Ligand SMILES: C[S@@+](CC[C@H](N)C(=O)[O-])C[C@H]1O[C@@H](n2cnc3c(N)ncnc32)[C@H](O)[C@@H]1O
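Take a look at this one chain, the form predicted alone, written out in structure tokens.
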């Protein structure tokens, strides 16, 4: 994702979407600029309208325990943390201290750093180390695509009755339509979407928000 524009939308339509969505504030604008300075990797940052969508979901679900796998520089986690109810916690999993240092700075500037627990380590290890009875009320997956299925399998048994999992990039700029694709990321996303659709433990809807979000709850 980009920090300023959703995939699949022409520039004028994207501008219309942004004009009819919550405007970015000073902290978010600073974070977009700091991320842009990293170069092409800044494409991994979620767009403002997607961050607003995540915040709306979190405000509706009111999770006491939320998890993010793939924090990058913190735009999505900032939105999630701001929308948490009193006493809510967000566990962020990432492997980059460099990128998450930018996130930490902006969590602090927004006054939400006290509700975020960042673990810089392989996310699968972090998830498997959670207590067996630890319920997850909201999860956002936006990390290595080959790892999605393993992260999902750790999350589903922990998902609370009212919980949601939001999985990013599931349309992969349309490449999921390519039946002959042989690159690891595309194949992983095709297999992930098919697995979720056939999993009778959950109910899901694949949304054309940003680069695609698979929104999942317990059946």
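Numbering follows the first chain given and starts at 1. Here the structure is a predicted model, which is why all the values come from computation and not from measurement.
Keep in mind that the form predicted together with the named molecule is not shown, yet the notes after this line are about it.
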query: Can you check whether residue 122 is within 4.5 Å of the named molecule in the predicted bound form, heavy atom basis?
result: yes
message: So in the predicted bound form, is the named molecule close enough to residue 44 to count as touching (4.5 Å, heavy atoms)?
response: yes
message: Is residue 70 near the named molecule? Define near as a heavy atom within 4.5 Å, in the predicted bound form.
response: yes
- prompt: Does the named molecule get within 4.5 angstroms of any non-hydrogen atom of residue 107 in the predicted bound form?
  reply: no
- prompt: Can you say which of 95 to 103, 131 to 139, 109 to 117, 82 to 90 gets within 4.5 Å of the named molecule in the predicted bound form, counting heavy atoms only?
  reply: 95 to 103
- prompt: Heavy atom within 4.5 Å of the named molecule in the predicted bound form: which of 192, 151, 53, 65?
  reply: 151
